[in-house]
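Heads up, the chain shows up twice below as structure tokens, two forms, tagged structure 1 and structure 2.
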Structure 1
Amino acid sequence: MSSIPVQIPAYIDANAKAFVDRLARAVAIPSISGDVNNRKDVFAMADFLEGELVKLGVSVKRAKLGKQVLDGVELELPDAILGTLGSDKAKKTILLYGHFDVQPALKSDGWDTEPFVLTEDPATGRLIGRGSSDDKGPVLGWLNAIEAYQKSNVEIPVNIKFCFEGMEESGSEGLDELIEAEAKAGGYFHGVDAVCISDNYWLNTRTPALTYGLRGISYYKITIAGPARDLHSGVFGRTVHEPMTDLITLMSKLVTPSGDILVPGVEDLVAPLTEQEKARYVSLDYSVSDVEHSAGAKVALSDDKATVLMGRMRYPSLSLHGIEGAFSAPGAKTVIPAKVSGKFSIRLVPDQTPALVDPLVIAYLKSEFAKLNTKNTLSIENLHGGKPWVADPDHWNYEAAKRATKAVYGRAPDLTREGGSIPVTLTFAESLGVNVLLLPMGRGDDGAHSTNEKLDKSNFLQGSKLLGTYLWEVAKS
């Protein structure tokens, strides 16, 4: 087979405005899976996506995932969207995964624009809006590519299965069970040859990448309670044990300012580093200035590139995320909170798993809490977790993506492991027994989960071409 027909990338260029408009309609739906008040919007986003798939001739099935209790309210989990396009036994079958939920976003968080209004910056070509890069842009990129094939009268060279979910930002509740059930003989995913996920990013703003590893995660909530109600600090200060004081002290025992994890035994579980592996990090097109550009400040933990990269990709990290129940509004309020909860997570790497790390964390927190000699009470929850994942970057699935990347961008991609977590990646790999590829659309400075999240328009269009070319190259493998 020859190179992908030129009319397919030409169609994407010619329809750039329509594709950006569709992304704007998607971004306008505030599909925040972690907020009770936005659950209806996650369902609305599922409806939108189903409608777009049906327009392309995809056979769509909505899969119920059950219920959850969120902030004391029982809610229906958003449906997973399963789709099928093509059933030619002579072709490979590729499963495409993405998610249509997003992180919370408020203008008051520090956004320069309304977060749920896609705003194009004509000076930079950036498409700014929550979900533009994570993950609505890449999900719609698949639709752009498929539409380009169909409107160009070019047969799609593979069969495609779709799995789009609305709970990825909240632990993918219910999805593992669905995948495991549908992976069995006769199930929806049975017969899939490989999986492709576009839900990650280049290391920098210059070099396309393929990702063959992800960190796992264990996310914790520790709650300290004491008084029966909030108290006045002028009346009760220095007369009672204060939950906030205990919480701050406890959270300070978890990690050092230089990133060292203080929970005994957690770092001991990390697989040893070989010289061969370290050489990969040295060779990547990345610098300390790249991470500082992405962060928006000169705050890197080291001046050594390999050290910074390994801190992101192959070592665990512990991050403190927030405190629930404390006064956080503008102004001064002299309150002693009756109950506060601290949230933190550990990004896991081989050979760590939540099952191995959780007992270490819980035992350590209980031990440190006992040292406070407080009359307050402690409870510890693991809100969600997922194991780390590593794939074979020399598999035909990756080789196809390497050729596609070179065809679209004119250069070979960096092969990376990523610091984030997509727990479903490992579920697909283990349940289906096939290779899983992470093929990113966005750049390293997209700011997913942060304020002013963006996707460069050029990456949206070139990325759509990349996804379409990948399907073409898979058929040649």
Structure 2
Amino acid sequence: MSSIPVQIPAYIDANAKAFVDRLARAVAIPSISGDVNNRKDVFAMADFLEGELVKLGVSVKRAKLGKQVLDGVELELPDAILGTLGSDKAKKTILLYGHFDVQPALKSDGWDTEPFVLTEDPATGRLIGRGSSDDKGPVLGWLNAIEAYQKSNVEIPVNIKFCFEGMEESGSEGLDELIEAEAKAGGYFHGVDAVCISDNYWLNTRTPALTYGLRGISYYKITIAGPARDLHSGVFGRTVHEPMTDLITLMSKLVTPSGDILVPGVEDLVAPLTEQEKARYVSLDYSVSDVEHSAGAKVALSDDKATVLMGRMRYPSLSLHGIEGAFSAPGAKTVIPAKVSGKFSIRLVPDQTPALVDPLVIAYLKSEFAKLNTKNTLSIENLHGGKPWVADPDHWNYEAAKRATKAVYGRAPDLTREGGSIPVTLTFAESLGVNVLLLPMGRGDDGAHSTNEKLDKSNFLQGSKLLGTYLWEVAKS
């Protein structure tokens, strides 16, 4: 079969400056979805994106998502931008998802440059600015690719549906309901053949990646209460059951310092490891020292690369996040806190789900608490949960992305799973019943939610070619 016509990647190289300028215009709009004062900017960013899509001939539909209350203020949720380009029944239809809102950023947080001024570092080729990599770069990457097809007079070989949202950094409020409604017969997304999301990162700074799995999560808050008010340890020490002693004892029963989860049955739910899957981790372009470089210290749980990578990608983890209600300030306070809440979460992998894991956790906590023989009380809350997601990495959607990666980067991509969650992935997979591909543009060191977020210019341009080539290859599948 034919390769993508060379004029398409050539157009992207030739128009690099215009594309970077457009990214700079997008970054200049501080579309922070989590800040009441920036809600107008999220709407402005939706307008900007709609305008760019319309220029490309995309038929745009703005979807209202209702209202929310943020910091005590009732706000209109940002519209989702839906779009259609092409409706040829002979072609596949691919749904592209991205988001146009960003995390907060202030120069005073520690940025070296103004966060909402896209700044190119000539020494490194980095395009530095809030949203450059997460996710305005990838969203505009799709537009770059489509423009390259059109200006090169090459017919786009697939129909495209767009779903761009403005609330991803604030829990994607309202989006699940929209996707589920539009996935039904007669809905906007009904009949799509596959989904592609460009909103994550390479494993490292060297090797392109396709991502086929995400861990789920179950987040718990366990509260132990007793005295009616905080007590003085001089007066009450060794006269009453202290909630902190009970809580620390209980939390110590959850996970070992080497990471093993002690809640009976939880590890048993993990799908067995096959030789074929194990081989994928062994082959990834990653090392234990990469992990330790990211963490900033030599604290990896193992010296074996596959073990460390599987700990992140295919095994569950239990992390103790902290305690609410205890003394947490600097200094020395002799308080017996009256009511303390421990926070911990379990990252879930197939075949674990919150529905299967939660009862095991609750039963175990109750049983261990009973052993304490305390007069204090225990309550357990589940603060949020989400199922893990794994796709078939040999599906034609992935095979197309592998060929596209090979064509643009001259090498096979790493096939990765991520330890975190992108909940919309699961919503697309379950609502539409089709394969979902995560096709990242940026590198592992982009610092998506940190200071000095960046997208390497080469990733922006090669990534735009990658997205365009993926559209070419997926049509051939």
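Structure 1 provides the reference sequence; residues are numbered from 1 along it. For clarity, a rigid core is taken as the largest C-alpha set superposing within 1.5 Å between two forms. These figures come from a predicted structure and were not determined experimentally.
- The chain as displayed in structure 1 is taken from the form predicted on its own.
- Taking 2 Å as the criterion, Val282 counts as shifted between the two structures: its C-alpha moves by at least this amount when the rigid core is aligned.
- Taking 2 Å as the criterion, Leu356 counts as shifted between the two structures: its C-alpha moves by at least this amount when the rigid core is aligned.
- Once both forms are overlaid on the rigid core, the distance between the two CA positions of Asp246 between the two structures is 2 angstroms or more.
- Look at Ala370: with the core superposed, its C-alpha moves 13.6 Å between the two structures.
- Structural comparison between the two structures after rigid-core fitting shows the C-alpha of His293 displaced 4.2 Å.
- Here the rigid core is superposed, and Gly386 then shows its C-alpha moved by 3.5 angstrom between the two structures.
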